[in-house]
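Just one chain follows, in the form predicted on its own, and it is written as structure tokens.
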């Protein structure tokens, strides 16, 4: 894969994520994307709170952030196709996000086979040394007909 191919793949990932209706509804922001990795942010909003008593963001919103970030990491990997779907995603929550803080996720595609890509991700708020959650997932690898 040439540098131009990699840049085109990264541009496609950026466009895909910014065009996803649910990503727009959640307010996901693309922080960065490169060959096999992606970083997204989920800004704090009152309508995403899961527990009004504490102001903690709903775990489903954090799950959507992590799933989308993982998908972006797969799509940006030079050995994967430009389309993917989640096969399996395990998310381990370690603590609630601090009310008022943006949640950031970074995912890395750690291995790509002919049909499956494996990804790991971490989410944190303003304290990157204390994760909110970690994830491990398997995603489909879609290749054009006759490729791979």
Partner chain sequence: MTGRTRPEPMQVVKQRRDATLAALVGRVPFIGTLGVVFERRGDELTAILPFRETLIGNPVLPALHGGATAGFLEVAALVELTWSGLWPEIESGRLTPEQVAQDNRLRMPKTVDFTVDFLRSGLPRDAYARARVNRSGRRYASVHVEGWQDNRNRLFAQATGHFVMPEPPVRD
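Residue numbers count along the first chain shown, from 1. Predicted model, so just to flag it, every value in this text is computed and none were measured.
Not on display, but discussed next: the form predicted in complex with its partner chain.
With the partner omitted here, the stretch from 29 to 37, 115 to 123, 97 to 105, 80 to 88 that lies within 4.5 Å of its partner chain by heavy atoms in the predicted bound form is 80 to 88.
None of the heavy atoms of residue 10 is located within 4.5 Å of its partner chain in the predicted bound form. Not displayed here, its partner chain is kept clear of residue 41 by more than 4.5 Å at the level of heavy atoms in the predicted bound form.
Using a 4.5 angstroms threshold between heavy atoms, residue 110 stays clear of its partner chain in the predicted bound form. Using a 4.5 angstroms threshold between heavy atoms, residue 15 stays clear of its partner chain in the predicted bound form.
Taking its partner chain as it sits in the predicted bound form, the stretch 57 to 84 comes within 4.5 angstroms of it through a non-hydrogen atom at 58, 59, 60, 61, 63, 64, 67, 68.
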